[in-house]
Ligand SMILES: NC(=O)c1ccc[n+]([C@@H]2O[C@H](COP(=O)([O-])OP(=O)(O)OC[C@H]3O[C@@H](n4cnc5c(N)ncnc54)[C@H](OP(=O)(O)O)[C@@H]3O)[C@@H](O)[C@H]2O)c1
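Presented below, as structure tokens, is a lone chain in the form predicted on its own.
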């Protein structure tokens, strides 16, 4: 049992924030591992982000997660930025150091890769070209993780080609920007397809992507987790492709943050997965 000399505080900052599933996950882990503390939702308007972050140390927080719209803006308000966060260009975790300074991390790429390996232990990043739909913060984290794991070609398909080009500038020649009008052709010969947009999420439009050219051995992943079975994943499974939903990424990215704040690397058990599925 992990015991601490003081009550530990952590949370998640966003605007809005009450939809976040992170409090339920972290508070369950706190209970399981006997850590005396609490993880709370923090509704922080964009203009108040700097003040909120600088209040963490005086309030004796161990740290926070960051979600929309704060991930990129937080880069300007921490004292140190870990290499992965700097490469991705966004922060999803802040750790309050013993001296009160703030260190920014990004565990989204860790969470994505861990979720793939959990669902498909034989998956290899170098098995063939990967196609990533989108060029936002989620896409940047995924591309960083894929290249770090050995991917030699990542095709970025985005409605704005210029934004896709920014990922090539950030991550190098392994990245190939693809025009939206050529999204179907981009699937030819691919070993993996990832939707890194919000398309397919509850309340959002569907992802318009014909899968005819996608090899049936390709793995299909979606960062959306509400619903668990997006239209993309349903179509992929129907045609015989293996599919990975976005809930695993959410759960796994939380593990290194929990360890940084509370000193324990939590396990992802079937019970934890079932609990989180019940919230979707």
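Residue numbers count along the first chain shown, from 1. Since we're looking at a predicted model, the values are computed, not measured.
From this point on, the text means the form predicted in complex with the named molecule, which you will not see here.
A.B. asks: Can you tell me which of 209 to 217, 248 to 256, 234 to 242, 44 to 52 lies within 4.5 Å of the named molecule in the model of the complex, counting heavy atoms only?
C.D. replies: Correct option: 248 to 256.
A.B. asks: Do residue 145 and the named molecule share at least one heavy atom pair within 4.5 Å in the model of the complex?
C.D. replies: Although the named molecule is absent here, residue 145 would stay clear of it in the model of the complex, with no heavy atoms inside 4.5 Å.
A.B. asks: Can any non-hydrogen atom of residue 129 be found within 4.5 angstroms of the named molecule in the model of the complex?
C.D. replies: Contact check for residue 129: no, nothing within 4.5 Å of the named molecule in the model of the complex.
A.B. asks: When the contact criterion is heavy atoms within 4.5 Å, does residue 163 count as touching the named molecule in the model of the complex?
C.D. replies: Taking the distances in the model of the complex, the answer for residue 163 is yes, it comes within 4.5 Å of the named molecule.
A.B. asks: Residue-level question: is residue 136 within 4.5 Å of the named molecule in the model of the complex, judged on heavy atoms?
C.D. replies: Residue 136: yes, in contact with the named molecule in the model of the complex.
A.B. asks: Identify, from the list 176, 103, 149, 198, the residue with a heavy atom within 4.5 Å of the named molecule in the model of the complex.
C.D. replies: Flagged contact: 198.
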